[in-house]
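Form predicted on its own, single chain, as structure tokens, below.
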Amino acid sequence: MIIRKAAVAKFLDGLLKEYAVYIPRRREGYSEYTPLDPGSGYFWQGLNTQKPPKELLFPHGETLYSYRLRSDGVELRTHFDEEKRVLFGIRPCDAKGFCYLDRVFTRQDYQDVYYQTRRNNTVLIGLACLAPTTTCFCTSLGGGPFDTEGLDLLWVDLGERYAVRVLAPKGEALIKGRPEFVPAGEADWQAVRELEGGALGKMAPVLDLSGLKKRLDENYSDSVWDRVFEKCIGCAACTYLCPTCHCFDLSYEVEGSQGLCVRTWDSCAFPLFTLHASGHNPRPTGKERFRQRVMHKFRYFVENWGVMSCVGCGRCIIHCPVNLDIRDVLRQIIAGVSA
């Protein structure tokens, strides 16, 4: 399908009758996905937002349930977010990130109904990347600037219009019968293919990770870890800005006869993450914590799910305050360089 750029605002405003629409938007000093206000239009310029859209399905903090003690027992109330929403302008790497969160939160044996409810009620409209940056390495992880995994629709910028690929029933239902969309012609799809080839040509060379899992299986006590962790200051920016990191903590806020169970993001980069009640910490220094992050993404997740828990979005490279590049770390591990 084809939609003119001049008609996008009308289309998005029309969705607001049924959905909450979230779009990428730049604020003072950072960018994130925010609710669309009627008539505000769509003016995003750039690739990924600094804050990934994962917090719309897996919030930074949320109340799971509340309770109240009564004379006749306990009154328990669960807190489900059943808002129907559309995420517009999501990049392919972030959509792929949701596929990895799906593996964790919607697995058959343990299902997180809070995440699953939001996921079922969300439509993902992707925007292909025409100009990947030097920090993008999605092609090294099986993705690409025009990748469709996890998306319901993929939009491609053709200048004054967008070409729209329908990828899933939710996407088809979203645009069905809307007059802003007209059929695309062969010339349009030829233009899409040329743009995809151009975007792939701008990507950095693919990082060969074929031997990474084997190296991680063997080098848990290798001296390479003494080297690669040195720059890390444990700020956790990499994990909080990562579209696939999903560690969380549960806390209980109690006042009198009532209380809440609250879930908040946590990070393996923090010293308290593995601190035992006895005072013992099995990851006492930054070295062990940094190793855990790498092991989780590139060894343990592979063992559990068959894929590496990284989409190559580059956020951890761009926003690391000490310029620690995960690609360099992986190269050193594969090569066994320890000095």
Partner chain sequence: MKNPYLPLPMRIEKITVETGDKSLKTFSLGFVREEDQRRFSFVPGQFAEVGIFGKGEAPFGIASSPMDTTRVEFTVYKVPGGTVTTALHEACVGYVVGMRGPYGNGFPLGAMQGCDILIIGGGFAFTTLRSLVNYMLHSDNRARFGRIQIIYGAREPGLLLYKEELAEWQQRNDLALTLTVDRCTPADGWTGCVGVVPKVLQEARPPAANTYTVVCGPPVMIRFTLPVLQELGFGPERILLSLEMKMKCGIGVCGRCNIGHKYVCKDGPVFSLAELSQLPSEY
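Residue numbers count along the first chain shown, from 1. Fair warning: this is a prediction, and the values are worked out from it, not measured in the lab. For the two forms, the rigid core is made up of the largest set of C-alpha atoms that agree within 1.5 Å on superposition.
As for the form predicted in complex with the partner chain, it is not shown, yet the points below apply to it.
Chemist: Heavy atom within 4.5 Å of the partner chain in the model of the complex: which of Cys247, Ala204, Ala191, Leu130?
Modeler: Contact check passes for Cys247.
Chemist: Okay, which stretch from 191 to 199, 89 to 97, 140 to 148, 73 to 81 lines the partner chain in the model of the complex, with non-hydrogen atoms inside 4.5 Å?
Modeler: Heavy atoms within 4.5 Å of the partner chain in the model of the complex occur in 73 to 81.
Chemist: So, in the model of the complex, is Gln292 in contact with the partner chain at a 4.5 angstroms heavy atom limit?
Modeler: Close contact exists here: in the model of the complex, Gln292 approaches the partner chain to within 4.5 Å, heavy atoms only.
Chemist: If we define contact as a non-hydrogen atom of the residue within 4.5 angstroms of the partner, is Pro38 a contact of the partner chain in the model of the complex?
Modeler: It does not: once the partner chain is placed as it appears in the model of the complex, Pro38 has no heavy atom within 4.5 Å of it.
Chemist: Against the partner chain in the model of the complex, would Ser31 count as a contact residue? Criterion: heavy atoms within 4.5 Å.
Modeler: No.
Chemist: According to a 4.5 angstroms non-hydrogen atom cut-off, is Arg263 in contact with the partner chain in the model of the complex?
Modeler: Yes, Arg263 sits close enough to the partner chain in the model of the complex that at least one of its heavy atoms falls within 4.5 Å.
Chemist: Flag this candidate site as yes only if Leu69, Phe273 and Tyr300 all have a heavy atom within 4.5 Å of the partner chain in the model of the complex; otherwise mark no.
Modeler: Yes: each residue has a heavy atom within 4.5 Å of the partner.
Chemist: Judged by heavy atom distances of 4.5 Å or less, which residues of 193 to 212 approach the partner chain in the model of the complex?
Modeler: Contacts from 193 to 212: none.
Chemist: Can a Cα shift of no less than 2 Å be assigned to Glu218 between this form and the one not shown, given superposition on the rigid core?
Modeler: No, the C-alpha moves less than 2 Å.
Chemist: After the core is matched up, is the C-alpha of Ser257 off by 2 Å or more between this form and the one not shown?
Modeler: Yes.
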